[in-house]
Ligand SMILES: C[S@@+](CC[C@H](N)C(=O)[O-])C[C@H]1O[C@@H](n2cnc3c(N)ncnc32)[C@H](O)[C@@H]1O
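The chain below stands alone, shown as structure tokens; this is the form predicted alone.
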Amino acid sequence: MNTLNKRLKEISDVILEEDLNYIKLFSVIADYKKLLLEASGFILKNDEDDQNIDTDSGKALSPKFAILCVDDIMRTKRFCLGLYKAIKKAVSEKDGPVRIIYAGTGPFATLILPSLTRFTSEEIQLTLLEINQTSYNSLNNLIANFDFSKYVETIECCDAVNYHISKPEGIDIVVTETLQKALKKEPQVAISYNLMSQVSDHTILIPEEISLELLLVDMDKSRANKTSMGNPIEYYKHVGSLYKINKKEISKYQKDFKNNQPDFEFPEVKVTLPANANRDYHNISIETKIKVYKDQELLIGESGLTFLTRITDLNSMLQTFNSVVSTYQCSKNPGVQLRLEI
């Protein structure tokens, strides 16, 4: 085991711990980022190498912004640990290597590396997809320096929204984390639909579910909750779901999605608000709920992905809204489209 792999093993042991020690994790994630930069030899030669890529299905992040995602401590832990648990389950149930597609790896394939310290190349094989050439080059360097090539079935510089899986029947896990809060701008939905529509029913999707939930928020209680040293203070009321993506939903809409891509508008959802909501709450917001796998979930405010997205303020002196009508739209600028009804 070379020095890089030894450091990765020590870092991974902390990231994959069941117990959460935030101070310890904070330090380890900083070490993880440092190690990834070193192992990949990542260097931006010029500004052109660090541009977001606009696709027909959303924006693919530049290498610099992709690297910043590592700093999102709970995101990194929950996704790494959730993916590890999914792989562990699949390995225990399969005779032969578990085949994993990781779409949108960025320059490091951050989410899969800790698992490579726990499984052999006979147990797992990877298909790695990345659209950005600079990130793709960095990833190749990293794989070589960690001596992980034996784990890699294929690595391609491509748009995962249009990727054709050569042997889809053998894919056990599809993982992609190509999203911002409220599923805006990035192609998480389009990538998930493309890949999951090609594989069998047994394939695990990571994250298992992302849902956009409509909340009424009391800002006074929210501020009090942030400074509370005791039990959490309930500061919001859940009033309905606006959109969900999971295996069941993909199966339901995959044919319509395929026939209309890259543009597709999901059916409207109408959520009725409680009477006098404007008297008890200060705004209407969207929660991005992320279930990575089983018990690994990102809670409100735990990650940049799960900070609330404010829709509109409420005023106790003015007539309030009766309902919120929404539809999720896949396009060059994907996101939820909202209409407030009085």
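These figures come from a predicted structure and were not determined experimentally. Position 1 is the first residue in the sequence shown; the rest follow in order.
Only in words, not in the display: the form predicted in complex with the named molecule, which the text now covers.
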Answer option from Leu139, Ile173, Val161, Leu81, heavy atom within 4.5 Å of the named molecule in the model of the complex: Val161
In the model of the complex, the residue from Tyr151, Tyr236, Phe266, Tyr102 that sits within 4.5 Å of the named molecule by heavy atoms: Tyr102
Contact test in the model of the complex: Pro207 vs the named molecule, heavy atoms, 4.5 Å: no
The named molecule contact in the model of the complex: Leu129, any heavy atom under 4.5 Å: yes
Non-hydrogen atom contact Val28 with the named molecule in the model of the complex at 4.5 angstroms: no
The named molecule contact at Glu213 in the model of the complex, heavy atom, 4.5 Å: no
Candidate spot Ile290, Glu297 and Thr306, all three touching the named molecule in the model of the complex (heavy atom, 4.5 Å): no
Candidate stretches 85-93, 224-232, 109-117, 251-259 - the one whose heavy atoms come within 4.5 Å of the named molecule in the model of the complex: 109-117
Contact set, 50-73 vs the named molecule in the model of the complex - heavy atom within 4.5 angstroms: Ala60, Leu61, Ala66, Cys69
